[in-house]
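This document starts with one chain, in the form predicted on its own, laid out as structure tokens.
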């Protein structure tokens, strides 16, 4: 593999300036082994589960660099506790209206989704959607040989940035606006991820092609910028670099790789979806996030419904329902499969077969090299 040099890739010891966000430890390890940087999405893990995931990565990454992505939102409902005080789950639960709970049960009933069997627990309904619940994750992550700590929502707290720097760990933060990028830098963030509206998961309203040069110009030449949103092939990585980015931050393209841990029925849905089959909706977390368009998102976006709750209440409200949908999808006697969904970007139209990470990386790098050669030849 030809080494593709950009300053941030050189600094982090990467052969290619490609960062891959995934909640699957096997994907993270495989991307790093292939010369990029796998970044583990930690939000869906309890601390104990995160420890197991990091154990796996440490055992399978062959000493290559990897990172961890957490969610420490600047704004969320804390039940009056304040970001420095422990959360009271009971107070948060009390903020969820009976109308919202009835709406969920009606939606599940219309799709004939049964309750969980007695003794079978739903997903943890808070997880790491708040600063308080994420700090233990950060402490664990910084005890491992990670090279990057990324925050997906808002500027990471200054003390977290300082702790990472004390460990020699670079800090990245995702943003959809130049003004927010400047706030990140004020907090000491090293790398800005400019995430366009094409991206899966939480995203703003500005397209990647417009956003990246705006942020590159806003932060200046000394701050590395990665482009995110609508990037799933080498030509798109090359386009991001032509816009001034030092590399690409990818996510959706790994959802359908062979190492993905996504529900097989969700994988099938993604393989069949086109680029117009996503929607930016609050249905998953309470904040706008691009996801597969399904009866689930349509129900939450219907003006006749109660509307999504703010973070973290939306996830708390829907955790049991999501567990039931995944538990019974594909089984006879219900239509739970129709409600299965996933965060995914508009790049989903290119995701039409299951391939191993190594094959995807090899093709991506080869196409990136060809694109760079073609653009170089055009200047002669």
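Source: prediction; values computed, not measured. Numbering follows the first chain given and starts at 1.
Form predicted together with a small molecule: not shown, discussed below.
Heavy atoms of no residue among 67, 164 and 189 are located within 4.5 Å of the small molecule in the predicted complex. Mapping the unseen interface onto this chain, residue 152 counts among the residues with a heavy atom inside 4.5 Å of the small molecule in the predicted complex. Taking the partner from the other structure, the small molecule in the predicted complex has no heavy atom within 4.5 Å of any heavy atom of residue 53. In the predicted complex, the small molecule lies farther than 4.5 Å from every heavy atom of residue 225.
Taking the partner from the other structure, the small molecule in the predicted complex has no heavy atom within 4.5 Å of any heavy atom of residue 34. Of the candidate stretches 250-258, 216-224, 116-124, 156-164, only 250-258 has residues whose heavy atoms lie within 4.5 Å of the small molecule in the predicted complex.
Of the listed positions (321, 26, 43, 329), a single one reaches within 4.5 angstroms of the small molecule by any non-hydrogen atom in the predicted complex, namely 43. When the small molecule is considered in the predicted complex, only one residue from 181, 212, 71, 237 comes within 4.5 Å through any heavy atom, namely 71.
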